[in-house]
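Take a look at the C-alpha cells below, where one protein chain is shown in two forms, each on its own, as structure 1 and structure 2.
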Structure 1
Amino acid sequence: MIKQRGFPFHILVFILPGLLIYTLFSAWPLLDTLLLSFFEESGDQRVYSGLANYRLVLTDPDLSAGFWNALGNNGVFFLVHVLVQNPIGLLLAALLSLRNLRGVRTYRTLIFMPTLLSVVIIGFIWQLILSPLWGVSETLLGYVGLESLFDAWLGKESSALLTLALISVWQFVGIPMMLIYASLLAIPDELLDAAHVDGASPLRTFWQIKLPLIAPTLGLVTILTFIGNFNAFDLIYAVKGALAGPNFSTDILGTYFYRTFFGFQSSLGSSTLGATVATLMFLIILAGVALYFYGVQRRLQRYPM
C-alpha cells in the first residue's frame, strides 16, 4: 500500500524559517535599496525622481568628485591585492605543497593567523608599528641599514593608500594561500611523477604542469578578492576614520558610502543618496562577477584529473 501523500508540509517547515530571515533581512533590503535610489527626500515624503540621484553622484561638479576619487582609490586598492597578495599567496602555496617538506602544518597554521583577527585590530596594530612616535619600524629598518627610507607612510597623501592596501594584503594573504594550496594538493601525485620521469625540473613542473591546472582557482581567487575589496570598509575606517584622510586619499567606496549615508562634519547624510552609492557598488560587483563568469571562467578550463 502506498500512502496517499497530502501537501508536503514538511518541505515548508524545513525551508521557510531560513528563507524568511534571508529574504527579510538580506534580499529585500537589497532590492529596497536599489529602488530607493530612484527616489528623493522631499520633506517627510519620498518622491520618485528617476535617475536624478545618479546624475548627482556621477556628474554633479561638487558631489561626483568624491565618488570618482573613491572608485579610483578602490581600483588601486584592488590592483595592489591582485599584484601583491595573490602572487605571494601563490608562492607560499607552491612551497607548502612541495612533497616531503617538513613542518608544513605549522607554517600554514601560523601564516593564516592574521586572517582571523578583526580588521579593526589589525589596523590599530599597524598604526602603532608604523607610528614615528614609537619608532619600531625605523629600528627594524635600521637593522638592514634602510632607516633613511622610513617615513610616516600612513600620514602622507602620497603613500597612505598604498600602505593601507599592503596592510590588508598582509592580513588576507592566508586566504589565496589556502585556496591555491588546496587546489595544488588536488593534483594527482602520479602526474607529478610523470613530469619528473619526463625530466622536468621543479620550476618547469610548476610553470607548465601545476600552474595551468590550477588556473581556475586563480580566477576564483581573483574574483573573491574583487568582491572583498569593493566592499571593504573596516580597515580604512579603523585607521583613518570616516573621512579617509589625509584629504580623502584613502577613501574607497565603502567609506564613501558610509559618509553619504550618515553624513560627516557639516554635511547631512541622505538615505536615498546612500542607496544610490550602494546600488553603484552593487553594479560594479555585478559587472565584475559577470565578467568573471562569462569572460574568464569559460576560458579557464577545469580539467578532469
Structure 2
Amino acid sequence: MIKQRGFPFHILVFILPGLLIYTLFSAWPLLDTLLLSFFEESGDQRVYSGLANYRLVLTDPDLSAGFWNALGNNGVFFLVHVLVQNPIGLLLAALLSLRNLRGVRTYRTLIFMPTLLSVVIIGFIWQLILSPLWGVSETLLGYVGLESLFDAWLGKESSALLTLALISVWQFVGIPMMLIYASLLAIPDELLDAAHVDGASPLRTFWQIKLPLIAPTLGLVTILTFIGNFNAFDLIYAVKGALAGPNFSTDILGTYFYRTFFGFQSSLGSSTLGATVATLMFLIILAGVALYFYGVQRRLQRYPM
C-alpha cells in the first residue's frame, strides 16, 4: 500500500512572503486603480460614474486630443526602439560572440554602462551636448564637415521626439545586446563546427543557424521593449518636464498621466481621471502582450540546444 504524502506546507514558508509583497505592492494597487477609474470627484466625495471617465478621456475635445497625441507619440517612441535599438543590439551581440575577439569584456562593459546611469544624468548630459549655445555637437560635426546639419533638435516639434528616442536607444541598447549575447553563447559549439566543416560562411551560419535558434529571445526582447516604452516617463520628464514640450510634441502616456493626476499650470489634477489614464495604459500594454503571445510566441519554433 502506497502511503500518500500530505501537502508540503513548508513550501508556504517560501511562497507566502513573495505573494504578500506582490499582493500589497502590485495586485492591490492595480485593482484599486481600476476601481477608482469608475468614480468621479464631486466636491469632497467620490461618486460612482461608470464609464463616464473613459468617455471623457477618449472623446472629450479637451482631454481626448492630448490622450491620442500621447498615444501616437508612444507608438513612434516604440517603433524607433524596435527598428534602431534592437537591430543594433543584435549586431553588437553577434560581433561580441565571435570567436577569438579580443577585449570582449571591455566592449561589453562600456556598451552596457549607460544603462546603469541615472536617467536624470543622461538627460542633463545630452542637453549640454546638443545645446546650440554651449554644446559640443556642432563642433564635432564640424570636424567631419557636417556642421550644416546641426540644428536645435531638442527645441523643434519635428525633431524633439525622435531625438529623445535616440537618446533612449543610446542608453538602453546594452539590455537587448546582453540578452541576445547570452542566447548566442548558449548555442552548442557542435552545431557551429558542423556548419564550418560543411563550408558555410560566417554570414550564412548566422542567418541559417544562429538566428532561428535565438528567435524566441528576439521575441522576448521585442515584448520587453514594448512594455518598457509604454511605461516610459523618466527621460521625457527629465529633459522636457511635465509639459513635454515644445507644444506637447514629446508627450507620451506617462507624462500625460502625470499631468492628468497631479495637474499642471492652472489646471487641477484629478485622481479619478488619472486612474482612468493609468488603466488605459495597462489595457494597452495587456493587449499588446496578449497579441504577441497569441499571434507570435505560440508560432515560434523552438529548437533544442
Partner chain sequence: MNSNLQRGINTSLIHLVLGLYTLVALFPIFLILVNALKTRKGIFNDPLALPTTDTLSFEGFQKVFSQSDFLLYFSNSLIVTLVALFFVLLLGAMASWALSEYRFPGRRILTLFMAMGIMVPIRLGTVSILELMVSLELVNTRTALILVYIAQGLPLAIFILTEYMAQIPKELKEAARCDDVSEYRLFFQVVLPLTRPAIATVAVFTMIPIWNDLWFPLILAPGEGTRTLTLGVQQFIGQYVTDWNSVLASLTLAVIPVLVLYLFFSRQLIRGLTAGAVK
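Numbers follow structure 1, counted from its first residue as 1. Note that the coordinates shown come from a computational prediction; the quantities given were computed from them, not determined experimentally. If you superpose the two forms and keep the largest set of C-alpha atoms that fall within 1.5 Å, you have the rigid core.
Choose between structure 1 and structure 2: indicate the form predicted in complex with the partner chain. Of the two, structure 1 is the form predicted in complex with the partner chain.
Threshold 2 Å Cα movement between structures 1 and 2 for Leu12, core superposed: Yes, shifts by 2 Å or more.
Please say whether, between structures 1 and 2, the C-alpha of Ile21 moves by 2 Å or more once the core is aligned. Superposed on the core, Ile21 moves its C-alpha 2 Å or more between structures 1 and 2.
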